[in-house]
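Given as structure tokens, the chain that follows is alone and in the form predicted on its own.
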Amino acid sequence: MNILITGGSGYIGSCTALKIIQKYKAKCIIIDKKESSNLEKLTLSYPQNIVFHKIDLCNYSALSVLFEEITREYKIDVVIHFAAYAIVAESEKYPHTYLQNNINSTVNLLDLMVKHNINNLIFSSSASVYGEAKYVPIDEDHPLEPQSFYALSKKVCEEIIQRYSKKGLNFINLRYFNPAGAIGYLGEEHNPETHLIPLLIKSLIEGGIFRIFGNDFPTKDGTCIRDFIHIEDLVDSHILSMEKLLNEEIENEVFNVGINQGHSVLEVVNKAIEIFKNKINPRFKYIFESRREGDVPILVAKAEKIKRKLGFKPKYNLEDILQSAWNYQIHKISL
């Protein structure tokens, strides 16, 4: 089995590659314009299973040459498209950069997939495409009203993928809610880091100020509510999608990937304090700051469709996520 993974150097991409290799002994051809410590660790562990090409997907001519090279050597069974800029607040500052990168890279990829008769695509979308929730939990039929340029880029990419299905492309769009946690030695390594749980765990271990953005949202404690899903459960949704596509059991579908349960930011902070109370650096404290542009009050999944059609069953809860993130950070410090 040969799987092409764009953005496979990143957090979700590298974790997905790890589990695919472990389950199928597959060859993972990774395309990314950056390298990472996760990719380095993955390559060291599975040198025979990783082929890495450093390239910008927005460079169509270079990508076209690379596709010629890859398809001469491998029959690609599935493409998993993770590559994207993904910081909501940053997308509001640099809308052109986000739209240009996320949309153009997707168009280039789809065009070359069709050209080379690669028909199966799993797309890394986002629950942010829904915008501010009109009802909770949010199902796949909820109106799409993105509130950030990042979310808009994902919505446009979904529409483009839908159009390409008329050219023979078979796709599954996965709308992630809030992935977090770690799988062993692979964890969140964003630069800059903007995600709640890795920032919180680092603050708890090292001490210092942890910032909560917004305590005036229309929620029970004034902080945002999110549906947090363990990275291993999220990866499993990709593996189930891949199996259904390869077995021709499903085509052209959209699924929410969450656990049907929301936690506020303050609840996450308090849960972490409860779990790690005897290990927390005494210099740790949290403060409230103003909202970040583009954040919405509540994003909680109704994920019944993916359970029904893919057999998806999340195994982990918030405590598991926090514990795996803590273990990952402690392991990094000990190296």
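Numbers follow the displayed sequence, beginning with 1. It should be emphasised that the depicted structure is a prediction, and the values quoted were computed from it without experimental measurement.
Not pictured, yet referred to below: the form predicted in complex with a small molecule.
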- in the predicted bound form, segment of 140-148, 115-123, 245-253, 203-211 with a heavy atom within 4.5 Å of the small molecule: 203-211
- Query: Heavy atoms within 4.5 Å of the small molecule in the predicted bound form: does residue 178 have any?
  - Reply: yes
- May I ask you to state whether residue 259 is within 4.5 Å of the small molecule in the predicted bound form, using heavy atom distances? no
- Do residue 32 and the small molecule come within 4.5 Å of each other in the predicted bound form, heavy atoms counted? no
- Item | Partner contact for residue 53 in the predicted bound form: the small molecule, 4.5 angstroms, heavy atom | no
- Item | Contact assignment for the small molecule in the predicted bound form, among 107, 199, 156, 136, heavy atom within 4.5 Å | 199
- Message: Exactly one residue in 71, 97, 194, 170 has a non-hydrogen atom within 4.5 Å of the small molecule in the predicted bound form; which is it?
- Response: 194
